[in-house]
Ligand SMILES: Nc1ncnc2c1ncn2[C@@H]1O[C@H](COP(=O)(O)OP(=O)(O)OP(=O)(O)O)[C@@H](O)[C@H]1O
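Here we start with a single chain on its own, the form predicted alone, put down as structure tokens.
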Amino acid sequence: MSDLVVDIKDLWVTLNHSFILREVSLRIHQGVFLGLIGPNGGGKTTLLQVILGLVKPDRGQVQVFGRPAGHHKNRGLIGYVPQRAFADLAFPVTVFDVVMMGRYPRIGLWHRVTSQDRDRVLQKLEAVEMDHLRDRPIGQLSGGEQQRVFIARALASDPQMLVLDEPTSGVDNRAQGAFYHLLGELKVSLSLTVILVSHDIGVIPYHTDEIACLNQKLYLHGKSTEVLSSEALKKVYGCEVEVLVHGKIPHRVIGEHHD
């Protein structure tokens, strides 16, 4: 049996007669933690939406778990954390209720929630270390705590792949390190394939197995330690890249670029 989870061949997507993605071919294997980087407007979110089956390509083939993207049998196999996972944080809903929403792909909207479903929700809250806040209104949590809850919601259907779009947006710097560490632990403990979109190119290499560099086209894809050269980033971002060393971790500074 193949361990290939995502198989994209010659993908093209247009919007209002403009190219969003073109000539993209990408293969992601089971158990890989992939960081997807690139400038704003480079098509990263669109690529995630294609994988999820939310956007239909103009050309190309997209297979997810050996089936066309969006296939009904993939429902529940993919956990998704969008950029804005919860729009109205004043809405009176608890942490437990938010995570229970993630069970619906498994149980259906009109089926009764069982004790097994409740146990599953508690297990996912424990996995992200948020079970002690299960009765707290979601709006009272910090940005980092909310993101952990949204990850628990994405995991509530027992997916095999976790997809996250800019998950550290709105999370303070102190919490980001713990957040990435949590994702690495979840990948191992739950045998997940992880795809994470981020602009934080100075941190992502130290938490992912592979990196894909996207700016409409896929410029590079490979091991994190091999991809992040200044020449590679220059091609993707269209600008000079300066590598600075601060403490033990080198930081890459992206100069001004224009879409």
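Quantities reported herein were computed from a predicted structural model and do not represent experimental measurements. Each residue number is its position in the shown sequence, starting from 1.
Absent from the display: the form predicted together with this ligand. The rest refers to it.
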{"item": "Stretch in contact, per heavy atom within 4.5 angstroms of this ligand in the predicted bound form, of 56-64, 201-209, 24-32, 40-48", "value": "40-48"}
{"item": "Residues Asn16, Gln83 and Glu166 all lining this ligand in the predicted bound form, heavy atom within 4.5 Å", "value": "yes"}
{"item": "Touches this ligand in the predicted bound form: Leu11 (any heavy atom, 4.5 Å)", "value": "no"}
